[in-house]
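Before any questions on how it binds or moves, here is one chain, the form predicted alone, in structure tokens.
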Amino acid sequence: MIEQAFNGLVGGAFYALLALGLAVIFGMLGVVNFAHGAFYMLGAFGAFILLDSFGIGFWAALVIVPVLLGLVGMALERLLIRRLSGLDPLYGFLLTFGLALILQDLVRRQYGVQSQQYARPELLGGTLNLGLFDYPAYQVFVLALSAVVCGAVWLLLTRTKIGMIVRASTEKPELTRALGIDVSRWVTPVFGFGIALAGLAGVLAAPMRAINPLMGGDLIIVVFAVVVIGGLGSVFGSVAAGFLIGLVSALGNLYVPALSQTLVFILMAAVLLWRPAGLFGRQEGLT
């Protein structure tokens, strides 16, 4: 059971990184970014292309791919998403949904539907003795790095002046504008930052999961459920719900495999019935 719980935390690490980016983007822009899964897929393909075409390994890809995708995200926000500011959020959803389909088809046109393989870095190729069992070193690294990144983002948002402005703009944009802060100047970098987190999750997934154009589409529905459970726009709630859903899914596979694919949505329905704003909804703020 403990080993399965570790598996769940590793899976939850990907949910947490993706949900963190989604929560910040939704809170700042009010846009449900359906293309988030496509950028996760691009992160994995970015690591594969760097290694296959340029000989650039995993460690450099951890930095290069998120930065490049973050810049792409900033350009998309400036050229496309900003034009829908002030309109019904449905337009933003439709735009990002269309972007996701375009990105998937472009990658599928180039690489087909066959999955690509990405070797694990040699430094993390073995196993670690965790006391009760041996566990793959790479999975431990993924869990540790995700926790560090989420913790660093949390400290950035709560312990720095810029972070507090971004957090206020994310959680209470109307009140922030009323206090005289120009929220619009933070929109583009925050959107790029959210996309960079998706790219980082994709690079981390490359050595663990088959790389294919649909890998993001298979994951994004669960990530949306994570964000709803944590509370739309809540940074802390998204991270906490990500790890929680990872645990629930893994233990569900162990004890109730027949319901393993639906447990997440059962939990989402239960949370919404109990707290419509999610576990850490906006009315609670960040605690």
Partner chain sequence: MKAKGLSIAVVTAGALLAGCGGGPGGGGGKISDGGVTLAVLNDQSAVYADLSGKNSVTAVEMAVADYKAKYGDKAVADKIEVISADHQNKPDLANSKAQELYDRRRADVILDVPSSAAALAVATQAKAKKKIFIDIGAATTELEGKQCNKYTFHYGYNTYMLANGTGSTVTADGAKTWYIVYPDYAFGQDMNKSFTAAIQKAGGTVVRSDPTPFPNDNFSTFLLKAPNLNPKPQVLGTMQAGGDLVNLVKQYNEYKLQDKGIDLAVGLMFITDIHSLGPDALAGTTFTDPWYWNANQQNRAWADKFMAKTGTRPSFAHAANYSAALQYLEAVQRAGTDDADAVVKELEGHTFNDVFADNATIRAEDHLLLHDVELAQVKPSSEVKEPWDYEKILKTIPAEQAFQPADGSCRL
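Positions refer to the first chain, counted from 1. What you see is a predicted model, and the numbers here were worked out from it, not measured in a lab.
One more form of this protein should be noted, the form predicted together with its partner chain, which is absent from this view; the next part is about it.
**Q** Given that its partner chain is left out here, which of Gly151, Gly126, Gly180, Gly131 has a heavy atom within 4.5 Å of it in the predicted complex?
**A** Of the candidates Gly151, Gly126, Gly180, Gly131, Gly126 is the one lying within 4.5 Å of its partner chain in the predicted complex.
**Q** Work out which of Leu79, Leu155, Leu175, Val113 lies within 4.5 Å of its partner chain in the predicted complex, going by heavy atoms.
**A** By the 4.5 Å criterion, the partner-contacting residue is Val113.
**Q** Are any of the heavy atoms in Leu200 no more than 4.5 Å from a heavy atom of its partner chain in the predicted complex?
**A** No - in the predicted complex, heavy atoms of Leu200 and its partner chain never come within 4.5 Å of each other.
**Q** Is Arg108 near its partner chain? Define near as a heavy atom within 4.5 Å, in the predicted complex.
**A** Yes.
**Q** With heavy atoms only and a cut-off of 4.5 Å, decide whether Gly217 touches its partner chain in the predicted complex.
**A** Yes - in the predicted complex, heavy atoms of Gly217 and its partner chain come within 4.5 Å of each other.
**Q** Though only this chain appears here, would Ile56 touch its partner chain in the predicted complex if you measure heavy atom gaps against 4.5 Å?
**A** Judged by the heavy-atom cut-off of 4.5 Å, Ile56 is well away from its partner chain in the predicted complex.
**Q** Whether Val63, Tyr91 and Thr160 jointly form a contact site for its partner chain in the predicted complex is the question; each needs a heavy atom within 4.5 Å.
**A** None of them does, since no heavy atom lies within 4.5 Å of the partner.
**Q** Hey, of 186 to 194, 71 to 79, 93 to 101, 143 to 151, which bit sits against its partner chain in the predicted complex at 4.5 Å between non-hydrogen atoms?
**A** Result for this chain: 93 to 101.
**Q** For a quick check, can you give me the residues of 246 to 260 that have a heavy atom within 4.5 Å of its partner chain in the predicted complex?
**A** Going through 246 to 260 in order - heavy atoms within 4.5 Å of its partner chain in the predicted complex - the hits are Ala250, Asn253, Leu254, Pro257, Ala258, Ser260.
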